[in-house]
Ligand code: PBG
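Take a look at this single chain, the form predicted on its own, given in structure tokens.
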Amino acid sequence: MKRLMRLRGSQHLRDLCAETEFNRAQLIQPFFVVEGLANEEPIAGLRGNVRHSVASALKQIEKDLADGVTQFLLFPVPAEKKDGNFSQQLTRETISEIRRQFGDSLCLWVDTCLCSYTTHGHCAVMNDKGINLAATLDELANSAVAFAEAGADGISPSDMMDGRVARIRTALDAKGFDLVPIMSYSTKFASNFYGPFRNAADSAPQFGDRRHYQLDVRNRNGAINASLRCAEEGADLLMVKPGMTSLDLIRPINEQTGLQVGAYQVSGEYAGMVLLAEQELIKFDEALLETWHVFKRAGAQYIITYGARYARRLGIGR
């Protein structure tokens, strides 16, 4: 059953999906929580973002809430890497602590992927033949249920495996989480613009690359079809990534699926502005705001950006 009520379940979700305004609730702030981290660690290129411990993440969220941020995307980074029987203890504990301290004052999405958990850095369980798709889908579904049980507001699968949205939706529904929405990385390219993120998430592949499961940047039809597949499998929100190099896809995906489409302003795109500003070649605030308006002009309903915490300062309302 298509549950249209999933995106009406809270004021945060209703604001995220409001089509007649551009408000701060349509900007989602990513953050990284690293298991066993004693002190915050800077992330090269990502001004204003660090790798957090659970305790420092709670302090940052408190500050962000005071600055008007209400949407967050959690990237957990476990200390121990495994290739099977993935433990989600770090993520569950982080979600539970956020929910205990802040209640319903925020909307918490959780990135759902395996790359930070594996020794090889790929987004899948691997065997001697390559990707073990069945085992990968099982692990993704188990993770999604664990995150929902801990109090996540939404699940955001980023792996690009065939069938993962359907498998996650089935698992959530079976456990009584039929109103937990899925924000799918539905059109995600194998891109050169992910470098700062991979350092922050400790997720760089240790061999090969991800071109056999992420999208070829040369192919428009394949990019649109990937989002059509996620829509058919039960995704509630779709996404293009990287955002600036996918502007031409946002409106066609929306028109062909009827679903709202967001854009992820990825780490390399954000870091490019940071580095230009450090050389006094651009004004950072003005450039960041310009890119957000370009995303909205292209039809993006929401934007994941490492600068969401600056929205009030830049004049984005409510």
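In this text, all values refer to a predicted model and were calculated from it rather than measured experimentally. Residue numbers run from 1 along the displayed sequence.
What comes next is about the form predicted together with the ligand, which is not displayed.
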Can you work out whether residue 199 and the ligand are in contact in the predicted complex, taking contact to mean some heavy atom pair no more than 4.5 Å apart? no
Give a yes/no on whether residue 267 approaches the ligand to within 4.5 Å in the predicted complex, heavy atoms considered. yes
Though only this chain appears here, would residue 185 touch the ligand in the predicted complex if you measure heavy atom gaps against 4.5 Å? yes
With the cut-off set at 4.5 Å between non-hydrogen atoms, does residue 241 touch the ligand in the predicted complex? yes
Can you work out which of 236, 139, 153, 111 has a heavy atom no more than 4.5 Å from the ligand in the predicted complex? 111
Quick one: from 95, 223, 230, 123, grab the residue that has a heavy atom within 4.5 Å of the ligand in the predicted complex. 123
TL;DR on 161-169, 187-195, 97-105, 130-138: the one with heavy atoms within 4.5 Å of the ligand in the predicted complex is 187-195
Within 4.5 Å of the ligand in the predicted complex - does that hold for a heavy atom of every one of 22, 284 and 314? no
Taking the ligand in the predicted complex, which residues along 296-318 bring a heavy atom to within 4.5 Å of it? 306
